[in-house]
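Just the one chain here, the form predicted on its own, laid out as structure tokens.
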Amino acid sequence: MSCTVVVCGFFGDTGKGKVISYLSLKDKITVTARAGVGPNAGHTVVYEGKEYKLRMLPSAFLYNKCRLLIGPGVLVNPEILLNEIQLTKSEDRVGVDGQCAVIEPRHVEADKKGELAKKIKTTGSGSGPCNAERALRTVKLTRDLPELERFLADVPAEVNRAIDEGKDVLIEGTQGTYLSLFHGTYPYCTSKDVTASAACSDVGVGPTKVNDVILVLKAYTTRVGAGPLQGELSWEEAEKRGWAEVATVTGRRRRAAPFNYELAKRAVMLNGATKAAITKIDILFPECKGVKAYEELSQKAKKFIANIEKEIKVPVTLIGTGPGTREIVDRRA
């Protein structure tokens, strides 16, 4: 029984939703708590032929006995949250901390019209303006909204109780290490820290309660919006390689570059990662599509994984071989 934090080692878009949904089903996770900024991050889950795009609820909703929590450090857009609860039919499993700040229409309007949208090319979700207002201590909280009253919960108390009772708990991070306000490519970043330690703070879990930190890395690097991306390819080249993607939240094109070992190594350090997950190996090595056993991966794919392990010095225990939740190689003991 353990508490595991799952975070992205690049700029987001590495497949945390897939990893979380897989772990929830495989390990029958009791509680998953969503950390991160808010609805400016999108997680895509593909299961049994259906695609879910989530911006508020934890990706662990697939396991129908998992309690789905949103920590007090997360910004909540009530409309988006209520829509996702209805979409996933999870009304009886959702808990939202009363200390979550509320994104109002005026925050969204300010985000879309302000300097952030022009210079930083933010998602326009209202997250930046809402976090700014939270820092000023003038923002409205979820405990102030009647429409969310039945979902209110003491998330830190619930999560810590589950850990103390020896149940399996996941903390779901969002965005990516290099979008962190403190550790990212400032000013081209999000409005708060999003590393593993921040994810713990978001849900009210102390560092001594964490057993593992899984760093999710994609087989190539992508980022949305402005900011540096070493080795960036043209959109045409990305299309040739099969790396051309669009963002879950905004639908914008993701800029692409080869796997960045230096960023991956630093992300291990910043997050205290104990394990790594590599997703979309099937895009680099199409012969690996749908493979579920390590022995069935091609030699080139195995060499690629071994090289990553050598560089980052933590084991790669999960390898994504397709978009489906169960299309994964699980090398955990």
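Residues carry their position along the shown sequence, with the first being 1. What you see is a predicted model, and the numbers here were worked out from it, not measured in a lab.
Another form, the form predicted together with a small molecule, is not on view; read the next lines as being about it.
Q: Is it true that G42, C189 and R252 each have at least one non-hydrogen atom within 4.5 Å of the small molecule in the predicted complex?
A: Every residue of the candidate spot has a heavy atom within 4.5 Å of the small molecule in the predicted complex.
Q: Using a 4.5 Å heavy atom cut-off, which residue among V76, A256, I214, V224 comes into contact with the small molecule in the predicted complex?
A: Only one listed residue qualifies here, and that residue is V224.
Q: Exactly one of V102, V94, L148, I120 has a non-hydrogen atom within 4.5 Å of the small molecule in the predicted complex; which residue is it?
A: Result of the distance check: I120.
Q: Find out whether any non-hydrogen atom of S125 is located within 4.5 angstroms of the small molecule in the predicted complex, and reply yes or no.
A: Contact with the small molecule, yes.
Q: Taking heavy atoms only, is T177 within 4.5 angstroms of the small molecule in the predicted complex?
A: Looking in the predicted complex, residue contacts with the small molecule do not include T177, since no heavy atom lies within 4.5 Å.
Q: Hey, in the predicted complex, is F11 touching the small molecule, heavy atoms inside 4.5 Å?
A: The answer is yes: F11 has a heavy atom within 4.5 Å of the small molecule.
Q: Since the chain is shown here on its own, which stretch among 60-68, 34-42, 278-286, 261-269 would lie within 4.5 Å of the small molecule in the predicted complex, judged by heavy atoms?
A: Looking at the other structure, the answer is 34-42.
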